[in-house]
Each structure stands twice: as C-alpha cells, then as structure tokens.
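A single chain comes next, written as structure tokens; it is the form predicted alone.
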C-alpha cells in the first residue's frame, strides 16, 4: 500500500453525509469495474483502470492481478453531492465468501451487480442469502448492458423470480448490446443519452424515444403503484390523480428499501461509464446513513447488553473487520467506527485482548492508498498501520470502556489438506507464517496434528488454498507442498481373550522379572478403556499392579492391526507371579505390554474409521445427482427435509470418502450446494479396505 496522498477533500464527513455500501455479485458480474468507474466519475480517483489489465482501482495485490479477479475486501470511496460513499469491493468467487461476510457486517446497504446477459448466478444467490440474514437494504445494478445478448427484462425477471419479488426498475435502458446508448429516468420521465467517448458518464437529456415509450409507461406505472402502496396517504393521493413531487417519491422509495419491501433496479455499462452518475445520486438518495439504523447492540465485559448511538458525543467504539500485512508497510487494520469520534493520535483500548493501542497516521482508505485525516465521525471507515495487539473482530474503544461489539460470523472452513515445507528452512518458518495468514483471513486455519504427524490446513476451496499458498510465498518467503490428509483410524477388539505376559532378564547381579495374566473384553463403542484388578493372595504385590495397567495402555496406543490406538476395551489382571529381588515397576510394565499384545491378537481385533454426519443443502433439482454421488461413497442416508426450494440431505459417510467432497458437490450443483460436517464416532472398516490401510501404515513406518 502506497504512502498517503492529498485529495481535494480533507476526508472528514459527518455521519449524515456518509454511506457504507458493500458491492456484491457473482464473479465476473462487473463489481470491480463499476467501483472504478464510480470513483473516477466522482473525481475521487484520478486514473481509470481496467480489470483485464490488472489496473482497476480496487485490484491491489499481485494475486488479484494474476488471477484477474477480486480476492479480498478492498475499500474505496467516492464523493458525490457532499456525501462520501465508502464502497467495499468483495470477491464473487465463493471460496472467498468470508471476505464478503466481513464487508456485509460493516455496511448499511448492498449494491448487487447482475449481468444483463448472464442474469442471476449462483454467487449472487448465496451472497443475497447472507444479506437476508443481516436484513441489509439492497439495490441492484443490471451491468454490462453493452455486451452481446444483454436483456434487461429477462434479468429483472430472474431477479424477481430467484431473489427479490419486490425488485422495481427506476431506469429503463435505451437499446441493448451494441445499440445501448442511454436510459430513461422513470421519476423524471426524461431520456439520458450518453455522449460518445465519455469517461465520467456525461449525458444529454431529452424526451423519451418512441422505441421505449411503451416499456417506460408500463414500468413507470408499476413503480408508482409500488411506492404508493408503501404509505396510505401516498396511496390516497396517487388514486386521486395528484402529481407527487419527486423528492417525496424518492423518500418513499428510500423508506421501502430500508424495510426490505422494495429493491430499486438501476442499469448501465460501467466500462463506458454509462449510468454511473445516476447510480451515485441514487446511492446518496436511497442508501441509509450510519445513524439511521438506531441503537447499536454491544456487550459489556460481564455480558450485559449495552446500547450505543452513532453520535459524536457517545463513547468511541470501532470494530476491526480486516487485517492485512504488506512488505515495507507492516500490518494494516481496516475498522468501522460505530459510536463516538476517533481522532488522530488518540489512545484506544482493545476490549477483547485488554491491550492499549495508539492511533497514529489515521487515514481513510482509497484502495491501495491512504488519505490521512484528523478525525473520523461515527459510521466512517478508517485504516491504521502497525497496531501492536489487534486483529480481525477485535473491538477498539475509549479508555475505561469495556464494551465489545458484535463480531463477524465467518463461515467454517470445510476442506482440509496436509501441507509441509518444500525445504527444511521452509518447514522451520511454516508454522508462524500459516498463523499470520489466519490473522488476515479467519476462514483459513492450520494446526499440527501429532497423531497424524501432519500439518492440516483448512479452507473454503481449492482456489482458496492456491491463493493462500501464493501469499505465503510472496509475503513470508515460505514454499509448501501438499498431500492428502491422513485418517485418524482406531482399532478395537470384538471377542474376549486371555493370556500371559512374562518378562525375565538376567544380566549378572540383579535381574528383571514380571509376570501377569490378563483378560481383555470388548466394550461398547465410545466407552473407552477400563482396567480391573482381580489379584488375590498377593501373587502380584499391590504396588506393581498399576505398572501392568500402564504397560497395557502404552501398548494399546500402537494397536495390533495397523499401528493405530486400540480403544473401547476392558483389561483385567487376574493372576501372575513375582520375584522378591528382581521384580520392579519397569518389569511389570513390560510384562503388561507383552500380555496385551499376546491377548489382543487372539481377541479378533478390527480396524475402525471415523464416521461423519454430513448435512447437504442444495436446490431440489440436484437431489438425485447428490444421492447418486453419496451412494457411490457408501453413505447411509438418514433423511431428507424440504427447505424453501432446497432439500437438506442428512447422511453418514466414512471420513475417507469425503476428501475433496466440497469440490465435487459444487460441481454437481453448479456451485449452489453446500454442506456441513459433524463427527459422529467410529465404525468398523469394511474388510475389502483393511489390507490397503494396513499397507499404507506400514509404508509410512
């Protein structure tokens, strides 16, 4: 990120003159291009960039430029009509839905892009659902009206059918594809014809062309009727034929949008800057400002509910929603101010970690650049470098304040992969570097599993892993290689058996002697291990019996089938003998381990594997294909439940059958299905697979 630069605004805007808008949509629907055009048209950005060239305003990292898409939340602003709009650009690829989730948390409204040719795509559906859960007001921009096969009415129809029955156009396009040249503003009843070669969306206003007159009349009637039904007084005036002033209509639309009753639809072609000026004005007029939502919920240190206001005289609080680390800059923290004012040079307290932080070089973000400011009003989004102890989801507050703001509910990573350093030097640095990647992206996690002897990374998909490992190499100089995660198998016994363990060693002088008889019995799955002593008559002194127990447990840790821990059994020590001089704790411990191995092999040992309950949610039309795939994985289906056009399938599947299942499910459902997992327990491995597992374990040893 470059050093701060001066812009025409000093960056300080009061709460009423701020808008925080998250820009969402399927990958390739034009989000990044639209933000670039909006900021350039407003004069807040001085250079027009292109996604294809990697020069768009919010494409800030080498990974975004090489992949040609947004991969993390990036904030840029436009100033229009004395209002600063903070745009939060988000990835459209679902492997990075955590970034979009963070941006949605700190926005008051969403601008959703829908391609005029592609219509509503799966990424848009999923992100729309996230907005539903937060009850976020939305507006839609039908993008790329200048592209081949663009069809405004079909796009609006899909929008109403799949996402928003209350979607209502406020503009109608004039032409489509190569003939797209302007829009009709339904409130003003005027055509706006864009000037050839415009870079900032200049247009000439005139009468409605005959070619769209019928469509304009139809859409205008629907818009007015929709708005009239949101307010009884407005409805009465409309039915009486009164001409309602545009400001009143816009206020009614803003209110209906805030309540989620209406979704206003704009249209344009961002690459040519067609439609950006009207969209800027629409955002200023319709999107709520940060104080409009009312009280802000928080919690005190003792768990009591606290209400804050987005007012400058309130105690200062802010939520860190994104952290990133860049070479030569250090750690950058993006935060949203929720109450009070934050001034440059002030001291704040991290109420989550109990640490103090000094806010130096306070700035507002303009993608890669930072614009330094003296203070931020409540509702604004800021960036600060080099906080000592603060990460994503932490609350910063005025000293003496113990409130904690609601954090971001990131989705759980559902794909695992094993990683190891490409070289010994990489291996030494890998653990710390992976932890820093998690600090930047909480949907990426990693931990070393001592049983499997692997570092297991978890993420949202294969592209997510690819990008994270590219960042690992660029930022921290660590190269990794990947492999399939091992399975934590277990062993158990299925029959009762008994036998002796005898250890005798004579080396001159005092020797070693331990002798025990042990009986093993199977227990129910999940009941664990139990040791029982039935020694009578002092055949084994009481002080040596616990050593037999320890020997059995240590031997059971490496099993008798494939070297996996043997579980769910009872061990009874019922007989034995000792030597008054040569017996010792160590001798009886070894005897116990010998007894275990002798007896366990006669107790019909079997291999167990982890069983996972999978809950798959997908549209109804994919149920047959999903069931076929689950059957191919030897799944046991527990049931199916309808869920509003979707079906939830519950099944039990062996963990070994679920490697890369998330990718397979996305392929089957065209990205519209997702699943969650829960460990159920262990079950016996089918005999036909045992030999392969045993051979793999032997090869690793």
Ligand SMILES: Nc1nc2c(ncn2[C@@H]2O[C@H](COP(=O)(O)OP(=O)(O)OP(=O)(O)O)[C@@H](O)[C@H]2O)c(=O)[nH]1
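Positions refer to the first chain, counted from 1. Predicted model only: the values in this text are computed from it and were never measured.
Just so it is clear, the following notes concern the form predicted together with this ligand, a form of the same protein that is not shown.
Taking 566, 110, 144, 262 one by one, only a single residue has any non-hydrogen atom within 4.5 Å of this ligand in the model of the complex, and it is 144. Scanning 671, 54, 43, 27 against this ligand in the model of the complex with a 4.5 Å heavy atom cut-off leaves one residue, 27.
A residue is said to contact a partner when one of its heavy atoms sits within 4.5 Å of a partner heavy atom; residue 61 fails this definition for this ligand in the model of the complex, lying far away.
Using a 4.5 Å cutoff between non-hydrogen atoms, residue 378 does not count as a contact of this ligand in the model of the complex.
In the model of the complex, this ligand stays beyond 4.5 Å of every heavy atom belonging to residue 549. Under a 4.5 angstroms non-hydrogen atom cutoff, this ligand in the model of the complex lacks residue 635 among its neighbouring residues. Not one of 99, 416 and 459 places a heavy atom within 4.5 Å of this ligand in the model of the complex. Partner contact region in the model of the complex: 28 to 36, out of 648 to 656, 28 to 36, 635 to 643, 662 to 670, criterion any non-hydrogen atom within 4.5 Å of this ligand. Although this ligand is not shown here, in the model of the complex the stretch 68 to 88 places heavy atoms of 69, 70 within 4.5 Å of it, in sequence order.
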